[in-house]
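Take a look at this single chain in structure tokens; it is the form predicted alone.
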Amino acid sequence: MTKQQANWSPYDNNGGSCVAIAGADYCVIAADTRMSTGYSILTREYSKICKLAEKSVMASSGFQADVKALQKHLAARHLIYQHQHNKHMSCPAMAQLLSNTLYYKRFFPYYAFNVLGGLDSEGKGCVYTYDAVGSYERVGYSAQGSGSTLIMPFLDNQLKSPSPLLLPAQDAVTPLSELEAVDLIKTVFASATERDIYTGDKLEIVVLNADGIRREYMELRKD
């Protein structure tokens, strides 16, 4: 009789997709609300979007237990920052903190794929995209999660980000208006939901601008 190897993993992938688009004076962050494991849906009402600071919002896919641990850690670090500096952390500062936090855990990483969106000190939209171990880049738009391979080519086709190798450096923000960006996000999610079994149920959209934060919802297909 052959000995069977016990096969346990500390990680799971709960699926879902996240998208962010930065504009001249706004940032739109969106994610679906489905949380799955294998071929089972655990819940259809799980928000993947977390407000980290006044002008910083993070959307995360991957292993949601690790995501929750990461959010708690960042909330604690932000509270310490507020006590020490008597102000909210800026979005670029939060981006660096998130990178450092992920890199510190690089030998047993948070299995979380994050996109951070917000407004910088000039009021311009900014989007930062990450891998699981803290490598990050400021971009005009990004997608993470199980549907990112379907969503990113669509966004590349519509928005044509300038190459980071061009000199002088081009501005990363997209030329779309706020309403156009929200409409584009609704379109890409409706499209990804057709082909990705881990994306669906409902779309949560968070819009940051000078007036504050606004939330919108759109129903997606539930099969």
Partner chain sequence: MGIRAILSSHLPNGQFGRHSLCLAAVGREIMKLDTSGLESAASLFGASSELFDGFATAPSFELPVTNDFDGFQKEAIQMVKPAKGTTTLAFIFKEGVMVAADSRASMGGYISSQSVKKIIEINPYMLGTMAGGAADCQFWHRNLGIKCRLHELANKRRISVTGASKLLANILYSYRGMGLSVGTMIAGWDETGPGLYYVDSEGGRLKGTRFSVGSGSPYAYGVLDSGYRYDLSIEEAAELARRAIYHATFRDGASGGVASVYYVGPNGWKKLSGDDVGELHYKYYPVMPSTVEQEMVEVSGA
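Numbering follows the first chain given and starts at 1. The structure displayed is predicted, hence computed values, not measured ones.
Note that the form predicted in complex with the partner chain isn't included here; everything after this is about it.
Open item on the list: Please determine whether each residue of 131, 149 and 152 possesses a non-hydrogen atom within 4.5 angstroms of the partner chain in the predicted complex.
Closed with: Heavy-atom distance to the partner chain in the predicted complex: all three under 4.5 Å.
Task: Region of this chain that lies against the partner chain in the predicted complex, out of 26-34, 163-171, 52-60, 193-201 [heavy atom, 4.5 Å] - done: Of the options given, it is 163-171.
Open item on the list: With the partner left out here, check for me: in the predicted complex, does some heavy atom of residue 10 sit within 4.5 Å of the partner chain?
Closed with: The answer is yes: residue 10 has a heavy atom within 4.5 Å of the partner chain.
Open item on the list: So, residue 84 and the partner chain: in the predicted complex, are they within 4.5 Å at any heavy atom pair?
Closed with: Yes - in the predicted complex, heavy atoms of residue 84 and the partner chain come within 4.5 Å of each other.
Task: residue 121 within 4.5 Å of the partner chain in the predicted complex, heavy atoms - done: No - in the predicted complex, heavy atoms of residue 121 and the partner chain never come within 4.5 Å of each other.
- [ ] With heavy atoms only and a cut-off of 4.5 Å, decide whether residue 88 touches the partner chain in the predicted complex.
- [x] Heavy-atom contact with the partner chain at 4.5 Å: absent for residue 88.
Open item on the list: Residue by residue through 34-61, which ones have a non-hydrogen atom no more than 4.5 angstroms from the partner chain in the predicted complex?
Closed with: Sequence-ordered list is empty.
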